[in-house]
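Only one chain comes next, encoded as structure tokens, the form predicted on its own.
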Amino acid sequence: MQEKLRRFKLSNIKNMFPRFLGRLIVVAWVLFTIIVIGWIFIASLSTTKEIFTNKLLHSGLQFKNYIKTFQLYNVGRYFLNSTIYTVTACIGVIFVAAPASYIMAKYVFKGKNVVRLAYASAMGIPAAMIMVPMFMLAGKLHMTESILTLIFIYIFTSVPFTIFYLTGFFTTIPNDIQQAALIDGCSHIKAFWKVIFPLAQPGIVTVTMFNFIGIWNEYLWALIFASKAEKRTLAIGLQSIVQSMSVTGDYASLFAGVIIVFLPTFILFIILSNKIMTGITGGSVKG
């Protein structure tokens, strides 16, 4: 009896150890992230001298760092550009990918497996592989410095993942809902936009948040197609601030710029966290 009890305790310990180790790693990573972001935030409210002498906030809160970043380094313009690119692209992605995802989830047609394989394969194509052809195509169309070029690139490079994600989410919506809408006189298009699309809101919000983070922080495409100062994104603008550090040494303004880049995605995640979690769990039921 004692031997069985001992084996039972040992088996419980073995089962609990991986879970404990996993939780410990997550807690350690969260604490590390909070400390790093907290230090950057405090540094953005200090002077450059205080940063290098490890006397943060010694002279009080330096909100002028943020004012200087907007005025001297033109971050306000970069922020507006990033907002235009990101919001327009996210809306365009949903407009293209949501109907396609629903068709892939609910309809049977010839070549469906080929289409599924095509967009699944597209997710694995690195940006560097299509960068030169895209630049040559934009050059022939005289659109290398057009805002629309970068927006279109963001849309169509985000569509494969969005279709992949939303297809699994639309699969969880019962077919009876669409049938009821069709019986009530809706067309297939109207039934989707008026009935099905609102029901998919958690999944739409979740995948839009993923796309927003990816586009907001994107650097390489913006470097090629938005190189002019008046069309730069925040990521490119932040890089220009980093390059100017060799001349100005204004690291306090640099950290202020980092916070400005980070803050929008952080605020959106906090506001939409419940819907994001609902969308993640909902889309994982069937896939």
Partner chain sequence: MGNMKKNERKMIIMFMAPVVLIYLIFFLYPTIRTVHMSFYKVKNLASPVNEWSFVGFKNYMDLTKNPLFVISYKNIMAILFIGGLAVFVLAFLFAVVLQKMKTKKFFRAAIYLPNVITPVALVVMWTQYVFNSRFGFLKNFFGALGLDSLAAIPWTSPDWAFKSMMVAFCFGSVGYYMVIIMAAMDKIPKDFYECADLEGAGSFTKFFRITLPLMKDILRTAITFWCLGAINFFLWSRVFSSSGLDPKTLSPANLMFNMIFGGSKTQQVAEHINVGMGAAIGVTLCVSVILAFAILNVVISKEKYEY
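Predicted model only: the values in this text are computed from it and were never measured. Positions refer to the first chain, counted from 1.
One more form of this protein, predicted together with the partner chain, exists but is not displayed; see below.
Colleague: In the model of the complex, which of the stretches 183-191, 198-206, 169-177, 70-78 has residues with heavy atoms within 4.5 Å of the partner chain?
Modeller: Careful reading of the contacts points to 183-191.
Colleague: Would you classify Tyr85 as touching the partner chain in the model of the complex, given a 4.5 Å non-hydrogen atom cut-off?
Modeller: Outside the cut-off, so no.
Colleague: Taking the shortest heavy atom distance, is Ala226 within 4.5 Å of the partner chain in the model of the complex?
Modeller: Taking the distances in the model of the complex, the answer for Ala226 is no, it never comes within 4.5 Å of the partner chain.
Colleague: With a 4.5 Å heavy atom cut-off, would you call Leu45 a contact of the partner chain in the model of the complex?
Modeller: No, no contact at 4.5 Å.
Colleague: Give a yes or no for Phe63: in the model of the complex, does one of its heavy atoms lie within 4.5 Å of a heavy atom belonging to the partner chain?
Modeller: Result no; Phe63 lies far from the partner chain in the model of the complex.
Colleague: Do all of His58, Ala89 and Leu148 end up near the partner chain in the model of the complex, with near meaning a heavy atom within 4.5 Å?
Modeller: No, the candidate spot makes no contact with the partner chain.
Colleague: What residues in 40-79 sit within 4.5 Å of the partner chain in the model of the complex, counting heavy atoms only?
Modeller: If the 4.5 Å heavy-atom criterion is applied to the partner chain in the model of the complex, 40-79 yields Ile40, Ile51, Phe52, Asn54.
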